[in-house]
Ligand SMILES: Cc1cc2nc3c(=O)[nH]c(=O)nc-3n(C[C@H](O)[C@H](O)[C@H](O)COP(=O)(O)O)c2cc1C
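Below you'll find only one chain, the form predicted alone, shown as structure tokens.
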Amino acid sequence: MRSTKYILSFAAILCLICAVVVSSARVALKERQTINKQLDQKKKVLGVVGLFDAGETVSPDEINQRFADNMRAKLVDLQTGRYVEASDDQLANFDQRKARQDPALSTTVDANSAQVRRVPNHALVYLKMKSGEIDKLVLPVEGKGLWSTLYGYIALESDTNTIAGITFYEHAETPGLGGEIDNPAWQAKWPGRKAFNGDWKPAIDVTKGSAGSVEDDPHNVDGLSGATITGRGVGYLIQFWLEEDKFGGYLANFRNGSLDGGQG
């Protein structure tokens, strides 16, 4: 019969071996996980401007090439609404969520309906290019739904008012209810709606029930059946990020052509 000391020693050694194996696997997979995350983000950005269909089967190389051919990343200072000098490497590795969590890289905000507590000083936006001109702008957005924080993108046409698309890449809403924010049929109701009113104040919202046509009811989108709180959260978070001290100032500078180097 084995002694207690032997059993404890054996268990300790086994735990140590397992810890080393798990730790090694995590280190070995970290780079792959980072690459896959960046690839998924590129798919979402391409999708929200109509350059990638969720049903497409394409290689990572094709996604990267499509992104490189059509999109330009820019770092924006949310306080000034102007671009920040950044290398390609800095743009590729910018972690907006990490920046938001760092007091040195973010700012607290007053209580708001989107339930956002801190805003990063800098945000990463994407510009869709067409024939050398900026065709669409893609802005990162986030805010509370019913059960989780919703992370996504909203795309605007170059007039900075007409919505070109919306998508979400991470949330934990209930499938079939709040999770319908991922439904292509619901997302298809957004293009053509107007983000701002005549005074350039955020006006887009998700109504309870059905909205009118784009022409008759440009500032409202159909609600989600059985998911009123999630739908309301989507409206709140978009309004929040379009405010003047978030992306509103940047969009105004873009419209006025007062950004360094023009609009782009």
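Note that the structure is a prediction, hence the values are computed from the model and not measured. Numbers for residues come from their place in the sequence shown, where the first is 1.
In what follows, reference is made to the form predicted together with the ligand, a form of this protein that is not presented.
Residues within 4.5 angstroms of the ligand in the predicted bound form, judged by any non-hydrogen atom, belong to 224 to 232 and to none of the other stretches in 224 to 232, 66 to 74, 53 to 61, 192 to 200. By the 4.5 Å heavy atom rule, the three marked residues 146, 174 and 208 all count as contacting the ligand in the predicted bound form.
The ligand is not drawn, but in the predicted bound form it has a heavy atom within 4.5 Å of residue 178.
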